[in-house]
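The data below hold one chain only, encoded as structure tokens and taken in the form predicted alone.
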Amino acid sequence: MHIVVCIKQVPDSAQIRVHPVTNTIMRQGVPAIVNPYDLYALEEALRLKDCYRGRITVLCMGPPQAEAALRKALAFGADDAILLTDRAFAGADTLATSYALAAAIRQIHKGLPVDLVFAGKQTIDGDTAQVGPGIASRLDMQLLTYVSKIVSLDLDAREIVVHRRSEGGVQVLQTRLPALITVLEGINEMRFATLTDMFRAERHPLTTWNKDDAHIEDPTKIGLKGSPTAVSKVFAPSPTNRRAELIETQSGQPADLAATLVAKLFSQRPELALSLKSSSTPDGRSA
């Protein structure tokens, strides 16, 4: 079994600042970390390796300093690591990123067939949750998103059963391999790196690929040229100094509480009451 885990090095969101003039994210001086959701994906891959053996390759697209993220993944128990780095990848949005990563996974597959691809549900810097599905679509893989539990894996039958969290509850899904899985937070608890693996990670020769090594077929689909997304403005929400207001009701009955809250809302926002009246039908019912 061969598993590829896609990770990303991101700025620590707790220390990100927004430039007051340009409205862009100020990354200078902000420490970089492994995207937390990707660590859940890595741990889930490691648990499958513990049960079924196999090999784990960690893949990261980013600048040369992203090597630190890959070495951390190796310290947790991954077998190999590939850094996809090239100035041609700079400025990539989710569409261009998924194109580059899919090309790299296609090359990895030629060396050793890939059974599963893992990724976090999203990254904390973009929060789009688009790259994983984009990779699956480009590689024609079965896609399982927001997975909260892997129930079973049958390598002989080439099938996997998972629990997927949805708005209506939990879905039990079964699909064939190869498949791409994006996992939710809380699916597992990340293990501690062993001293042996930490030493191995420092000595391990990382594989570095540029756009030619990844066999990018169309250079116009990577980097800034291949990114149709345009960010017009990035801003931090303005802080508010409003204090919580205590509202007392005549009784603890839900109907009395609802009536009191609605009356208070209409007193503070009279335009809401007017809009409701204007949208009502002649018999007094809402349209």
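Residue numbers here begin at 1 and follow the sequence given. As the structure is a prediction and not an experimental result, all values here were calculated from the model.
The form predicted together with a small molecule is left out here; the points below concern that form.
Heavy atoms within 4.5 Å of the small molecule in the predicted bound form are found in one stretch of 72-80, 89-97, 193-201, 164-172, which is 89-97. Although the partner is absent here, Cys60 sits close enough that one of its heavy atoms falls within 4.5 Å of the small molecule in the predicted bound form. Contact check for Leu116: no non-hydrogen atom falls within 4.5 Å of the small molecule in the predicted bound form. Interface residue remark: Gln107 is not counted as part of the site for the small molecule in the predicted bound form, having no heavy atom within 4.5 Å. The small molecule is not drawn, but in the predicted bound form it has no heavy atom within 4.5 Å of Ile3. Taking a 4.5 Å heavy atom cutoff to the small molecule in the predicted bound form, the contact residue among Asp127, Asp212, Asp140, Asp156 is Asp127. Between the small molecule and the residues Ile160, Val147, Leu101, Ile216, the one pair within 4.5 Å by heavy atoms in the predicted bound form involves Leu101.
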